[in-house]
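Same chain, two versions here, written out as structure tokens and called structure 1 and structure 2.
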Structure 1
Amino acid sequence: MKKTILSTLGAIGIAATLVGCGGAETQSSQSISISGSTSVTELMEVLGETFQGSHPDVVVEVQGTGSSAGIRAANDGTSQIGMSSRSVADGELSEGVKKITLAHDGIAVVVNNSNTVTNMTTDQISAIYKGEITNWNEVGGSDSPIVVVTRDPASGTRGAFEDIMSLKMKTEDGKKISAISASAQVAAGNGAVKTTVAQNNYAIGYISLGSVDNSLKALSVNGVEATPANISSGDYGVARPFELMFKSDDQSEASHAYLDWMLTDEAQQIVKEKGYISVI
């Protein structure tokens, strides 16, 4: 029995040593630490893997921590590059922190395939989400109730949607909070919104344009169809940039090379393949 305990302890010891080595190894090679928006993370991981293919000595570490955390990480220098899935105001960045736009992502306002409504204005969408319009006949549809589907309060997609649709309000002490009605259904992620809207005849939701398929219908907003071309031209307004922030003075060689590479044809081709809108 004692032997078993000893060997278990031994195993733990060896495991601990190995873990320690692993950590040290990562630090000694050229690593690029990236953190921020979970929406950008998916694209960044693919870009990172491709870049590592041609630069075997570089390790790209990507962590999805949310846009706000990404901006903070870039300002503090805890990550070399921060990611954000909403536009970052200059005031949010500290001295010496620059930003580039990696891609654009449209947010599609989606309804069930059986819905006869095909176009809405931003004011109408905003009123629906505030709970002021509750029946489809007020926006040109059939006489049926509207089931509003939204995302969780800290989601980047929800943040961008609230900014574009003027769905923000302020509390008495000046904190910005959401104006989306509390009775709206909250779905955990793009996929959950999609399933709910695809199944419910009366539902309206919003998802990343790349996630739209024929299980549901994307509405035109202010008469403009939600297509990559209309987003690139700026006609379709319900879109958001994927931005990267970095301290320009304090970047390693590998990180500089990576940032430059992301605006090349090769990288932007991946952006397109993943369903986002390239910036070149």
Structure 2
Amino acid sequence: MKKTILSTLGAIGIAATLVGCGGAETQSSQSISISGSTSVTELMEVLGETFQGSHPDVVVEVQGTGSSAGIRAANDGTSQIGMSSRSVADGELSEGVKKITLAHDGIAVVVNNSNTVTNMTTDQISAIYKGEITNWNEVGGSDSPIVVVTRDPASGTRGAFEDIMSLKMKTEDGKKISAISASAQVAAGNGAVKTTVAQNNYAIGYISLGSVDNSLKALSVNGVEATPANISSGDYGVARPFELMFKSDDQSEASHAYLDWMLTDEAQQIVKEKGYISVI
């Protein structure tokens, strides 16, 4: 579990935040606890650092625990704000829990830089993840086995990817389950997927578009490049929202201020600079 405390605490901040034997952490009126999607975490850390620059008495704590855990944390109040990298249905939220959209993000289908494949259709990607296509030469690449990398079942990125790529199937009793091959390697977060794909010439994975760097390459999907402009226009269809959940009547003054600030021009400019799509 990834945890970042985004501030340099002064004497007062330390006294408010660290109490008891061993310096155990507690939530003060000036702390903001946030947990959930590892994809949203990367952006939230930057936003938190910026917010604290003008609010030195505020401590923003961000934990990357996965979208499902973020939804639970918002519902049971263990975090003031939960993060999800997929659309959250109203039925998943407890009474009094609201949601806002922080940004929109593409899901990039990524391969090793040495891979000669540059484009695939959604049908081909789906077939690879179902285990129906197992060699790169079936999609225009070398005669090499495909190493499929996916995310854990609690990942919001995986949930959105499965929906977009038609990677869910129904059991006899009507329950929806994943159609991703059981032989796929499971990675715990964006960083783990990036590392695996960057180090394996034959790997394929999917990560947040905002996490793509020169250590690997993003494929075009259906002939459309994965870019913020193509997501905004709707031409690149492998996209999802970044959503935040919170109990509207159970927020500190600092948390209210932070939620409001994240939808300002200043914060949304950071969203754009980090490669995501602004909501304003």
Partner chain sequence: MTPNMRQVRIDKSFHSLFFLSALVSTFAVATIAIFIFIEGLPALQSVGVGNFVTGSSWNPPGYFGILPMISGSLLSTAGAIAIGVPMGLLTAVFLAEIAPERVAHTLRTAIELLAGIPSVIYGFFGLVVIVPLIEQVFNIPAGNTTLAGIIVLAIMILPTVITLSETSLRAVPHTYREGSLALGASQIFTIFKVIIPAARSGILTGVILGIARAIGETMAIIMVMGNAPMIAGLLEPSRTLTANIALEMSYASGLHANALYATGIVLFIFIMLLNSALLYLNRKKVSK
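Numbering for residues begins at 1 and runs along the sequence of structure 1. Bear in mind the structure is a predicted one, so any value in this text is a computation, not a measurement.
For the form predicted in complex with the partner chain, the corresponding chain is the one labelled structure 1.
The rigid-part assignment between the two structures places residue 241 and residue 171 apart. Two rigid parts move between the two structures, and the turn of the smaller against the larger, rounded to whole degrees, is 23°.
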